[in-house]
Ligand code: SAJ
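First comes one chain, alone, set out as structure tokens in the form predicted alone.
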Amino acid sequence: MKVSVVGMGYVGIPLAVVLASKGYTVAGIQRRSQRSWWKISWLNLGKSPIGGEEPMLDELLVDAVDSGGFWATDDYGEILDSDVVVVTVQTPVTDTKEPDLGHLEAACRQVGENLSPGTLVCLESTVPPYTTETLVRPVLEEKSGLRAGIDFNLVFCYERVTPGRLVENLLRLPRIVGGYSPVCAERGAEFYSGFCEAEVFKTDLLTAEVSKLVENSHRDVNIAFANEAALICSCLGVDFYEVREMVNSLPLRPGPDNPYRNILTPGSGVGGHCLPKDPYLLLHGLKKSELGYMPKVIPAARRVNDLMPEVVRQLIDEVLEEAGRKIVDSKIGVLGLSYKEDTGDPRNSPTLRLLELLGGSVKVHDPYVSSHESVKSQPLIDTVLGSDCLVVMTKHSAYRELELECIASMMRTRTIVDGRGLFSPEECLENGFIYRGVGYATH
């Protein structure tokens, strides 16, 4: 069976190499844009464009290329003889938080122009409710002259990957296949069961679309609760981490009367491609339905999580003021440019927002991200040496090996703002630092 995967990013690349490892013949289709043309040559050399710690990915990619089971190209003509086409292109939101489906529509036009009868088309890109039915299907039908559910099968099956566990999640997390018709859902479930080792659920298009958005909005709301609880504890002079330990001591046990609690850890903000935008895609679908309900919790959670880089900026002001310095005359060293520990993914990273708020003399280090737009990662020693404040924005494993005594000897002013709970406040104080951390008491 031949599969064409459209979009060589955090979803498309691991999917392509996993399929190749299961015996499929896979063409990875990537448009030659100014920002991403280089991916094609890298992939064909067996080099992954995805940075960070990704177990199994590099090995699977090399094996897939060497065996001839996978190749990358910009030629949508590969779709003509494909049994399955999987679309994984990005679906961002605009500055006004409205869906930007331009990449998706363009990809669907190209797919439709090369679609053959009997093909299964799978949409994995996260979309607002109704998008598969009202945008993807009409474009595919118009360009191909074929009819969904009759001449070709159409499903929406959302991805559940996350940086650091791309291959693991693909293989071992359940999949939800929403079909344009029951026959489409059956065909889609058969395809995903061919490589997914977990259960595959079948449903309709709209239910599958909403499931993805509710899933990510649920996590965003839970993170926002942890962040808000941490801010409350800090203002009250209470250690949030001790409170969290007390609350989470409730046991997990079977049955409906389960007292279990799992408050997440707070942090300097929420990043990545999904969580900062998916709640807005869900809200957009609700507006389109014209049912009149105005959500309260989900938008509030977004505001809390977007606020966290500003909280970190305020903590920087506090420690520098306590040290007798002004931020305008200070050198700030920031640890972490990626949004998630041990990954090379800087998309929507809270660090980018913090840099906007800081301006001035700021140096950033990240072991996995060399640069992003106007930000270039500096060597760790240059970031720390002579700095007046060290700010932790990402909890990379490499930072856990830093010794506070060594850091203290390198800095001009001993202040630390810890947005990820990397350092022990007690040890920081013992080494002469003025310390602030999200969730720790300020007085």
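Keep in mind it's a predicted model, so treat the numbers as computed, not measured. Sequential numbering from 1, following the sequence displayed.
Form predicted together with the ligand: not shown, discussed below.
Of the stretches 202-210, 85-93, 366-374, 339-347, only 339-347 has residues with a heavy atom within 4.5 Å of the ligand in the model of the complex. With a 4.5 Å cutoff on heavy atoms, R160 counts as touching the ligand in the model of the complex. By the criterion of a heavy atom within 4.5 Å, R187 is excluded from the residues contacting the ligand in the model of the complex. The shortest heavy atom separation between R219 and the ligand in the model of the complex is within 4.5 Å.
Of the heavy atoms in L80, none are within 4.5 Å of the ligand in the model of the complex. In summary, among the residues V311, L283, L275, A72, the only one with a non-hydrogen atom within 4.5 Å of the ligand in the model of the complex is L275.
Proximity to the ligand in the model of the complex, defined as a heavy atom within 4.5 Å, singles out one entry of L335, V270, V319, L354, which is V270.
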